Each structure stands twice: as C-alpha cells, then as structure tokens.
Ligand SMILES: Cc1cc2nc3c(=O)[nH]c(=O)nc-3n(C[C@H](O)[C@H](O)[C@H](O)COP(=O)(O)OP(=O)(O)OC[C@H]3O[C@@H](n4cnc5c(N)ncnc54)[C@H](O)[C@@H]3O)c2cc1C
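In structure tokens, the next block holds one chain alone, the form predicted on its own.
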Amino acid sequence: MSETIYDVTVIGAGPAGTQAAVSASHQMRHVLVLHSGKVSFSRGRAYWSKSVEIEDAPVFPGITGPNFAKELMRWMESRPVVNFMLGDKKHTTGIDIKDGMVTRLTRDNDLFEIEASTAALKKDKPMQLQHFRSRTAIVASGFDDKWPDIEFQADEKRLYKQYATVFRYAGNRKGWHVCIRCDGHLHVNEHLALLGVGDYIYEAAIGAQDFTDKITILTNGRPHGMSTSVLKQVQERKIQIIETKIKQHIGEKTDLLGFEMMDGTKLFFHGFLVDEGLIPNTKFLDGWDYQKDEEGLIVTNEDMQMLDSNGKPIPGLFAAGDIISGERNLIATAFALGQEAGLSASDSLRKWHYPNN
C-alpha cells in the first residue's frame, strides 16, 4: 500500500479524466491518475480516430487520435507535484500519472482503497498489483465498443487482440467508424454500410441522414430484429437490409473497401459504421450499490456524484465522460463533464461549507 494519501484519484486518462485531473490540481489538490492504456491495451473512442483528424474538440483542432492522447498526457505533465505552504501547514498539489488498470475500488472509513494492475497483461501470468489510497475518486474509465465477429480470433483473451483484423481498418477515413456524429461528414453523398441489429442500429441511420441518403444495414447473419414502426420507416426510406453473414473484409492496406459474404457475393461501400453496443469499463465497481442504466452506464447528479440505489449521493465518489448515462459521447462533452467532476471532488474536500441553516 502506498503511503501517500491522494486528495483525488482519477480512473482513466481520456479527455474526461485528463480534464478532471487538471481541474482538481488547479484547485491545489494532489491528484493520482491511473491510465490503463499500456496495461490493458484498451483504447477509448478518441484514440480510434487514428488517421482521421478530430475537428470538433476544443483547444485541439485538426489532431489525430494518437497525437490527441499524447497532448492530453503532456497537459497533465505540465502540472507536476510540488509542495506549498497554506498558512502554517504543508500541502501537496499536482498530478501523479501511473500506468494502472484498476481491478478493485473499496472504501475503508473515509478513504478509498484502489487496487490496480500496473504491468502489461499477459496470458497465463499473474497481475502485478499495487494499492493506493485517496480521499475521493472519479470514475472516468469510459467503455469499449463491441466489435463485429468478422475474422474473430477466439483463442486470444484480450479484447484488443481478439479483434486485431477489425482494428486494422478502425479509425481510417475509409474504415470502421463508431460515431456517426463524429465521422459522418467524411462520407457526404457516399454509400454508408451500418452494421448492427434492432432499433439500435436505426439510431445510427437517423444520424446518417444528415450526410447521405445512400444507406445499407448489414446484420452479419442475424435477423434484423427491428420493431414494426422502425422497419416501416426503414422501408419508406428505401434502406436495404442484408442479413447474410460476412465472411471476411475486403481491404487494401488499412483501407476497408467492402466484404465478401458467406454466399460468395462481394459488397463494396464508401464508409463503414458499426454499432453493436458497448462494454462499460466498470468491473472494479462490483460490490458497490450505485445507479446505472440498462447498458451499465453510470447515473450521477448535477455535480457528477454517483448515486446509490435510493438516489442518495455516494460520498466522495464521482464520475465523468463516456461512462455517464444520457450524455452525448463527444470529446467536448467529456471535457465539460470532467471539469465538473474535478471541481466537485475538489470542493468536497474543503474544510468549511455553507451552514445548513
């Protein structure tokens, strides 16, 4: 167990986690950021832009995903840990950044105890665990997008490696996209393939209409699963639904061109979007009584404080970014939510508050 007791621990180093850490350190708090990227090989949506420049992020216009991640890290590194005097007491402020995938979050009296794996995960090897303590915690761990089981490597355990072939084509202008709002503008008046099932995939088709009327829905071998009202509108819009299973990608280097189907046909498109749902990165919250929606995303109050099943704020526990239920999954939104969480966590540590009466 680390001897240091941090004021704020931020779980996640994407835009929400970075902003939360910077905002809390700006209020003179000592902040620990646990960044799981090098440990779990998982990457957030912002990273998957890769060669596609992010055009709608504040402060970072025209930047690709990997460079965006580097700039976020530099921003946190610009606030190193230093000691200062406040009155006659010594305090610490700044940001400690550590590679760590959080495996468990518990609370002992007024302190959170965080267990994290701090070395890259390897098959058949035990995790290297470290423990940290903190007065408050901010969950900014986001989620992983579910990917289609095309050329799926089922013998691998880690999600990143399972979908290596899919990731080859992820985040390119001519490749897999996961956010129609973010990348739809790349395919104005072009033919888009949307992969998914049920009314859920039609939500992507609703967004796609801002960019094109040439849309095909692929179910990858499953029944479309759409409700009567949605299916009626799909037909009115003349959107084709293809339920044949996909055998493999057709690509050139990192550009995805189309698919070879199980029946031998080949289909070609200009753009590709997948929406198979998501996997919240919140397993470390197992055992906590907290509110979440049907997808597992966290419900908070206006101060970004997590709520228990009775709707009461959980002391010291906050959340921000894509992990929040009901918020747009956009970088600008993540920054705003991160700032609110960082400031709220910082404010909760103040000695003096307004009197109740």
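Everything numeric in this text was worked out from a predicted model, so none of it was measured. Sequential numbering from 1, following the sequence displayed.
A second form of this protein, the form predicted together with the ligand, is not displayed here; the remarks below concern that form.
Visitor: Counting only heavy atoms and a 4.5 Å cut-off, does the ligand in the predicted bound form sit next to every one of A13, G44 and I331?
Guide: Yes: A13, G44 and I331 each sit within 4.5 Å of the ligand in the predicted bound form.
Visitor: Considering non-hydrogen atoms and a 4.5 Å limit, which listed residue (I314, V299, M28, I54) is close to the ligand in the predicted bound form?
Guide: That would be I54.
Visitor: Decide whether L32 counts as a contact residue for the ligand in the predicted bound form under a heavy atom distance cut-off of 4.5 Å.
Guide: No, L32 is distant from the partner.
Visitor: Is there a heavy atom of A205 lying 4.5 Å or less from a heavy atom of the ligand in the predicted bound form?
Guide: Outside the cut-off, so no.
Visitor: According to a 4.5 angstroms non-hydrogen atom cut-off, is A140 in contact with the ligand in the predicted bound form?
Guide: Yes - in the predicted bound form, heavy atoms of A140 and the ligand come within 4.5 Å of each other.
Visitor: Report whether the minimum heavy atom distance between L194 and the ligand in the predicted bound form is within 4.5 Å.
Guide: No, L194 stays farther than 4.5 Å from the ligand in the predicted bound form.
Visitor: The chain here is shown without the ligand. Which stretch in 79-87, 210-218, 276-284, 128-136 comes within 4.5 angstroms of it in the predicted bound form, by heavy atom distance?
Guide: Careful reading of the contacts points to 276-284.
Visitor: Could you pull out the residues of 78-105 that have any heavy atom within 4.5 Å of the ligand in the predicted bound form?
Guide: Contacting residues: G100, M101, V102.
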